[in-house]
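Below are two forms of the same protein chain, given as structure tokens: structure 1, then structure 2.
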Structure 1
Amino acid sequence: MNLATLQPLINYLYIIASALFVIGLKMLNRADTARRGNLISGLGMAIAVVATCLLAGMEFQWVLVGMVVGSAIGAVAAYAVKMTSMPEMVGLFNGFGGLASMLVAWAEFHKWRVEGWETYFKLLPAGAPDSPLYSGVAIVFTAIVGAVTFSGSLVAFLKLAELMPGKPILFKGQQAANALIIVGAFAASAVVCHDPTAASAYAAFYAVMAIGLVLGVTSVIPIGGADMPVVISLLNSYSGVAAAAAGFIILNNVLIVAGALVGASGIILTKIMCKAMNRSLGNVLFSGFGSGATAGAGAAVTGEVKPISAADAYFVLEAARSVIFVPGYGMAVAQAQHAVRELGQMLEDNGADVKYCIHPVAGRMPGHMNVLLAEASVPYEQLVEPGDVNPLMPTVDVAVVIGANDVVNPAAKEDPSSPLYGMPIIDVDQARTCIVLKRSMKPGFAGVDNPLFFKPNTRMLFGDAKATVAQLAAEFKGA
């Protein structure tokens, strides 16, 4: 059989793959169809891979090595990762996608240099623009976005895994340096595109990749730990853009469609995260929020902190008819999700209505707390969003805040001078009683004092979140 006749079949398979990605993403929108949606999208990926292997002239010995090694690493990492480490793992996987796109650009550039434009052009699909400038721009753009995704994701991974400090790293003239880097990227790109076969063009191409890698690092280091949900979503978007750009190099529809879908979904998530913090994307990316520059702003908080013992907290909870848990990053750090779920179950058995209210930016990635509570088998009907709970808050007997701080800070509503002012929060201060589990009186990530701790209906329960929750559960068992 003449393999060249397979081209129409390959095109149809790419169309099917693109459709499966769309259907899969659609099904990821609902909890009861999400798992099947992910499978369908995976099936689309498998079809795209098979279709590509049908290309005329493919040789498989090295391809198989790459596929086996990559699959093995991916599978082991996916099964070994703990749920609390999910943010950094997602970031790392994302980085490898960016790396692959950068390498695809490099390989195409090299192929072009070796074969010359005439031959390279014939390798492109029929109908390709006979324009070295077009191909050059596509290659350079893919290389830069891929490189930024790769190194940016690596820095995000290191920060989230706490292998490097999570707080923003700022230096003098940082924004000027970034601007200079971007100018350099344009200059090097211009050299490559002007005459891609010239001797200087290869050096310029190395420069393009190097600049992309540096830019990824310099744009993520000034961003603090609590802003990571934004960064992770944004890098996710970049990896989609890089894949789509690679599609423009080899003129392949499935790359363009899938890449565009990911790029768009990443941007939407980024927007949701920014909105949940009432900050613009520019502010998140460039301000070095929480670096100390903003700390100390806001009205000084005065009042009395009222500590409570676990035994007394038990009596408050025992009498409660409705309880809302508000988890934050502190719950992830203390790995307290199972203990929290156990306590929640006991409260339910005691006749209370138990809900878990999760702020969109709680934790280190979008939906971080949802995953942890799901791991502890909290049914997803019990997870509620702030907008649905806040109006009912005055009727709630007890709000239990576990390792959350800035997302429950009433200064966001009451104090226009606070850096948090305007951020939508969970109104735990409106509940009849609010119990805050906290290790110490240290302010949260934003470095802003929290007037919640000084409210008359707030009680502070100091200690490690997991130990404290377990203690409360033990009181219930003993009763």
Structure 2
Amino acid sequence: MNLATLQPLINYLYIIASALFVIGLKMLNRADTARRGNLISGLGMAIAVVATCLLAGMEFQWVLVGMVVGSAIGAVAAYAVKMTSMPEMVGLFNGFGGLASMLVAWAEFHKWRVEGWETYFKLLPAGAPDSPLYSGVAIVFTAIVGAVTFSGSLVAFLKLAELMPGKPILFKGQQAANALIIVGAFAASAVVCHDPTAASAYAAFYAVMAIGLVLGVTSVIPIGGADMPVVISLLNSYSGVAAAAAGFIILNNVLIVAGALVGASGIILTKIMCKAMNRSLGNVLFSGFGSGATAGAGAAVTGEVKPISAADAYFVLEAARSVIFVPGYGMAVAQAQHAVRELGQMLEDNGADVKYCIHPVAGRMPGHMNVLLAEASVPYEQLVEPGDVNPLMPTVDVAVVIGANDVVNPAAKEDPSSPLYGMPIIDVDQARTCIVLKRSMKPGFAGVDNPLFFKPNTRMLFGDAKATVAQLAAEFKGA
């Protein structure tokens, strides 16, 4: 059966796959439908792969090798990677998406050089634009965006994994250097697009890829502190844009649709993250938040810390009629989500109204806390947003902060000199009693001191979050 006969079937399968992508993405918008949305999107991708394999000229032995190797890596990662390392893994997978797009661009450019434009054009699907400039622009754009995504995601991975300093790395003239790099990228791209058959074009294309890799590094190293969730979602958007651009190179409709969905959803999520921090995207990318110049800013934080024991904290919780849990990265590090869920159930059995309030930038990637609590089978209806719970916080008996820091820092409201000032937070300081579970008084990921620890209604419960929560649960069991 030739391609002309199969092409209508392939197009229909691509339409079905695209529809499943859209439906799956819509379902990911709600916690109670997210798992089904993930399965539906996966089914759409399986259909897209089958449809692509029906195209003529496929070397199936290499397709099978790639599927086996990729599936093995994915399975090992899914089972072996801890939830605390999920942000790093997401960042790394974003990078692999960018690398794949860059390699597609490289392969198509090489084919163009070897075959010549006339022969190369005949290999493209019917209706392809008969323009070397169109193909040249698509190829260099894909190569640059893919390279930026790959190297930028590697830097994000290294920062999140603490294999390199998490704070911004700044140097004099950094923005001017980035501007020169971008100018160099345009110049090399112009050489490639002007005459791809010229002897200098291949060297220029190598320069395009190299410049993209350098730009990815220089774009991400100045970012750190509380901005990493924004970086992850932005790089996710880049990977989608690179995939869509690769779709324009090989004229694959489903790749264009899937890439556009990822790119658009990633930039929307990035905007949500920026809004949650009350900052612009430009401020995130270029301000160097969390650097030595800003991390120590703000009024001096002084006062008396009031420690509390697990036994005394039990009496406070036992008398509470309403409890709000506020999870943060510390809960992920301690793997305390199951213990928190058990304690929450005990409080409910004791007659308390229990909610879990999640800040959009809690943890180190978007949705980090939601995934952890879902893993512990916390009911979706008990998950609330800061905007819904903050007006009611003065009526809450106990707010229990588990490893969160920057998202509950009152300096964001009270200290105009603080780097966090203006960032919407969870107003746990307004609760009747606030119990903060932390290992120490060390500042959070943003490196900003937290006056919440010295508030008159705050009690500090020091220790490992999982062990501490387990102690509280044991007090309820022994009561």
Partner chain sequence: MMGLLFFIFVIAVFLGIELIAKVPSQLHTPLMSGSNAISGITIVGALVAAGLPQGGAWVTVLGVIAVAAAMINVVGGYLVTDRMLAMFKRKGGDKP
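Reference numbering: structure 1, starting with residue 1. For the two forms, the rigid core is made up of the largest set of C-alpha atoms that agree within 1.5 Å on superposition. Note that the coordinates shown come from a computational prediction; the quantities given were computed from them, not determined experimentally.
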The chain seen in the form predicted on its own is the one numbered 2
Residue shift check between structure 1 and structure 2, rigid core fit, S18 Cα at least 2 Å: no
Compare the position of the CA of G328 between structure 1 and structure 2 after a rigid core fit and state whether the shift reaches 2 Å. yes
Relative to the superposed rigid core, does the CA atom of G344 travel 2 Å or more between structure 1 and structure 2? yes
Hey, core superposed, how many Å does V469 shift at the CA between structure 1 and structure 2? 4.2
